[in-house]
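Form predicted alone, single chain, as structure tokens, below.
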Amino acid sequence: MVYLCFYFQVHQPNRLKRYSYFQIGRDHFYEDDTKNRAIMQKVAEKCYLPANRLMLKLAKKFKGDFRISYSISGTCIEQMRKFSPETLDSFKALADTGCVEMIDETYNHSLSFLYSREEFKRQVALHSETIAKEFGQKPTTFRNTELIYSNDVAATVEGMGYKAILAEGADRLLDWRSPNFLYQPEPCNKLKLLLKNYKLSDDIAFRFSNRSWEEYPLTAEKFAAWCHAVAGNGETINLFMDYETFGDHQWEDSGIFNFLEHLPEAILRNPEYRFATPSQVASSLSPVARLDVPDFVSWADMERDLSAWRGNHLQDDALEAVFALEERVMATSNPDLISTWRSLQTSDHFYYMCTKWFSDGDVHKYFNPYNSPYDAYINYQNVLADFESTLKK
């Protein structure tokens, strides 16, 4: 038996408005709700709503034989509540099918594990409470922000009671091994590790509409044949990607929805294949080996490390500044101040400050609302200066 495990990241940050030095001490509202609303509603129309309708159709059609999983950040859930409640309802309808697993992460899609284990645990607990409230599930699978992973992450997550964790199947992590098996983190005794098959995942997420790609066009039958070729040399094919792949990154006229609609049937033509959620894979398979990952890996960029968020002095300075406020913020016991501080931790703020303009430059520019990383840094530090002055008062 070979399992096909689909996992989708669903995240939208609370974007900051243009905030000048002269607003410090005068303006204490930092978010650009006009832009947040516009982007949420645009992505909902292009991706979330049509993709969810299709996923619901497939779940009903295959009566439990088609299964998928999502991690939806707390900031994204907040924006759905405010700007697109019908989108939140559509995710609830999916959760109600029994074919969808909701996965935990940090509530604010933050880098908190790198700076404060206590804040990391608080955000994960807050996310877990939110998932239980909105979707009626108690997650047993965890994925850290942007699949940031190491031995330390695994040991901490196991100590929090999770049964499975997701990570990038980076070449330097696997060496000669295959991502198509279940592993166990080196420091853990119970936690199971599922690794992304980045080749097959990226064929959908990044190469699908690339007309210069030698495999273009990608059909459901062709992709299913690639998956079927794993039989005998793998037990789980983990396809992890941004949910915005469907309709936003890969537009509807590329044929991405048609591809997705026909994929389950093409996969299931082979009786040895089953769709499964991460927790089902973890409970059904035994680890083939222990995997030692002393250094951090992620699913970002060619390097698959932390350089998308901690690759220059701008990012380091901003990150150290915001996490240096932890003790003072928590001492206030003020829920509004704590919420604002956590929103300022969202990884996107530091991604915008990235100065890599080589192999991954186009990706960074696509997601960056600022004219330059320096503009992002100055804007962020102006906001942080006002926030800190508010704390002093």
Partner chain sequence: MKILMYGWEFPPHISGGLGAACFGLTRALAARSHEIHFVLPRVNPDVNDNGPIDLIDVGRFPAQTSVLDNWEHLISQLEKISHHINIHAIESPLSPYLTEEQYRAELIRLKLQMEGVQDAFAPTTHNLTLSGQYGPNLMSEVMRYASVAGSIALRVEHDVIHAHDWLTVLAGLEAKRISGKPLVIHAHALEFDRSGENVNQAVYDIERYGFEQADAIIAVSHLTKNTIVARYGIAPEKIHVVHNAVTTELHGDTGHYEKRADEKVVLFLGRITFQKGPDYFVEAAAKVLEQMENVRFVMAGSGDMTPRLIERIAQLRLGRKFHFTGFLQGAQVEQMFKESDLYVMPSVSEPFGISPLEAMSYDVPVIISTTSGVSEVLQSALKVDFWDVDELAQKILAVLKHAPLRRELVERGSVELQKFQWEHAAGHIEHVYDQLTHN
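A quick note: this is a predicted structure, and the numbers were derived from the prediction, not measured. Residue numbers count along the first chain shown, from 1.
Quick note: we don't show the form predicted in complex with the partner chain, though the next part is all about it.
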Inset, instruction - Determine whether any heavy atom of D301 comes within 4.5 Å of a heavy atom of the partner chain in the predicted complex, and answer yes or no. - result: no
Legend entry - Non-hydrogen atom contact E320 with the partner chain in the predicted complex at 4.5 angstroms: yes
Inset, instruction - Mark L384 yes when one of its heavy atoms lies within 4.5 Å of a heavy atom of the partner chain in the predicted complex, and no otherwise. - result: yes
Inset, instruction - Using the partner position in the predicted complex, report whether I148 sits within 4.5 Å of the partner chain, counting heavy atoms only. - result: no
Inset, instruction - Answer with one of K82, K133, H313, R117: the residue that has a non-hydrogen atom within 4.5 Å of the partner chain in the predicted complex. - result: H313
